[in-house]
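Here you get one chain, nothing else, as structure tokens; it is the form predicted on its own.
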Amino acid sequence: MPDAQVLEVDTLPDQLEGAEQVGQYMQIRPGAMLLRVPEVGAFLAEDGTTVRVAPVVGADPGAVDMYLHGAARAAILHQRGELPLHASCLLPPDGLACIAVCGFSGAGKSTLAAEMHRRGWMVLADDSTRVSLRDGKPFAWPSHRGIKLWQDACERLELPTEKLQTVRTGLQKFFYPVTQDTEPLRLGTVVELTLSEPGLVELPSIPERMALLTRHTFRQRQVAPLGMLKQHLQLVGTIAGQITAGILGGGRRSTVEELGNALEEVAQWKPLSS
């Protein structure tokens, strides 16, 4: 996020005063999130503006980067009252609005994003998409200039990995570089990629769309201890009323070509608003 700062420091506190323990490594109170990861480092995200990072000596830079752009970035967005969506975000050729493909880890979001990139779609974000409101309408922001693909996904897409950067030392996961826009773009549709039977179903009601967005809010368990639950629900409701949404079955069952064809069908859906 260009409007947030990351500061590397020598040390961070072991405890965050007045915080709630969330999981094994995370402490959260309104306005702040402290994450301490063994053999990686500590991360303190505060006030929606600043992340302080204290890496462990000798820590893998890829591991530090993963937590910085994962839990720490999500905390900053939640503190601002924005939505980190567990989704890849794509813009069809000549499209006026983006399509976010959300899903749980392993559903095949990034593999599908790489396939659509090969078809001429622009990849705005991979894995986690920042969504905020402008004049009451949802906009998606650009993120890392690369798609993270496992070795088997690279093989499915016939992508040689010899010249690709690894995401983390010892991990068979690679950055597939892509070009992207530098400005936020209107979010028009959210599609949930699932492991269910192949098929595409549009969700007609706002409550159904709210449920989808809630299921795939990135690091959702941070919201309540940050004191942002009411604002988060209001944001999800506003976004749900401004988008079309659907469920795409067949993740890891259908071929990536079949899923890509279904996503091109989604691109023909009529947007709810301009």
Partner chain sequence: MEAPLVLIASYPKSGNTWVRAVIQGLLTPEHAGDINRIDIGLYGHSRRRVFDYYAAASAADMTPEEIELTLPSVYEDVAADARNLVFIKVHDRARRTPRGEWVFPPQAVRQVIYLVRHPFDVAASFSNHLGFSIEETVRIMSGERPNWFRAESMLPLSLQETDGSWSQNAESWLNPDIPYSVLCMRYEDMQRDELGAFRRIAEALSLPTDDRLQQAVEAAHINRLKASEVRGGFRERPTTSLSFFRQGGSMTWKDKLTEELRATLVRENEAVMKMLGYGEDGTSAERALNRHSDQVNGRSRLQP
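The structure presented is a predicted model; accordingly, all values stated were derived computationally and were not measured. Numbering follows the first chain given and starts at 1.
The protein also exists as the form predicted together with its partner chain; that form is not presented, and the subsequent description refers to it.
Only one segment in the set 183-191, 132-140, 112-120, 97-105 has residues whose heavy atoms sit within 4.5 Å of its partner chain in the model of the complex; it is 97-105. Using a 4.5 angstroms limit between non-hydrogen atoms, R219 touches its partner chain in the model of the complex. Although the partner is absent here, D127 lies within 4.5 Å of its partner chain in the model of the complex, judged by heavy atoms.
Although the partner is absent here, V236 sits far enough away that none of its heavy atoms falls within 4.5 Å of its partner chain in the model of the complex. In the model of the complex, at least one heavy atom of P38 sits within 4.5 Å of its partner chain. Contact check at 4.5 Å (heavy atoms) against its partner chain in the model of the complex: all three of M66, D152 and R252 pass. Checked against its partner chain in the model of the complex, the residues L159, L164, L171, L200 give one hit for a heavy atom within 4.5 Å, which is L171.
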